[in-house]
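Only one chain comes next, encoded as structure tokens, the form predicted alone.
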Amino acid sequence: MKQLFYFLSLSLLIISCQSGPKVIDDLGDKSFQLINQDSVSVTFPDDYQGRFVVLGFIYTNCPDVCPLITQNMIKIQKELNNPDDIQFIGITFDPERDTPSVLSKYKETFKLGKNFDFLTGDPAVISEVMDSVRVRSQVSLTTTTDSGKEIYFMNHSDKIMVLDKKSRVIIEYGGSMPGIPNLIVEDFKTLR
């Protein structure tokens, strides 16, 4: 009986060690048609399967949190020595203003390389993507300039997520927090 108990305990330990991180959201069966900063059609997450994905949500007119999220993703990329097996993606909260050309300029401003994409698309599709990973946004302040141009800001979730090679969200972090890059780099050492 004692041997059976040890065998069952060892079996459970082996199974739990092999299961890896807990899956938070599974995007493997979802498919969203988006457009990257180069105006190239992208099927998210399908086009990135087989690589880890570090995913953040931003909008280019954001005055505070989004540049910090982008900077944290850049720090992670640099700390991991620009890995080929990890794709970095920023999906906009604001597809109305964040056109591919705007996202391209944003990418240039931050001097980002080939494994860093910014995605936009039809507002309804962007909303579906955000809903699928429990990300929220809403217009918080709207004003009109003297020339009649509408300006608005948004309240939104502050997240960076890691998707595994099967497009499953396995880790979530507060995206703009200062210590996040170090945590993500350490988690990648374990994941890889």
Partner chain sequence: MKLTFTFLFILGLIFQGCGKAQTEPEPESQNTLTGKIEIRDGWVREGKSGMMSAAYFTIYNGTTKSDTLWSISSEDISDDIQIHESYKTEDGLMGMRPVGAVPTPSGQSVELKPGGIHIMIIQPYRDLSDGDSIEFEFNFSSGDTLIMLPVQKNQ
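Keep in mind the model is a prediction, meaning the values are calculated, not measured. Residue numbers count along the first chain shown, from 1.
This protein has a second form, the form predicted together with its partner chain, left out of what is shown; the following refers to that one.
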### Query
Among 124 to 132, 162 to 170, 45 to 53, 141 to 149, which stretch has residues whose heavy atoms lie within 4.5 Å of its partner chain in the predicted complex?
141 to 149
### Task
Considering only heavy atoms, tell me if F88 and its partner chain come within 4.5 Å of each other in the predicted complex.
no
### Query
Heavy atoms within 4.5 Å of its partner chain in the predicted complex: does V102 have any?
yes
### Message
Given that its partner chain is not shown alongside this chain, does T109 nevertheless sit within 4.5 Å of it in the predicted complex, heavy atom to heavy atom?
### Response
yes
### 4.5 Å heavy atom contact, F153 to its partner chain in the predicted complex
yes
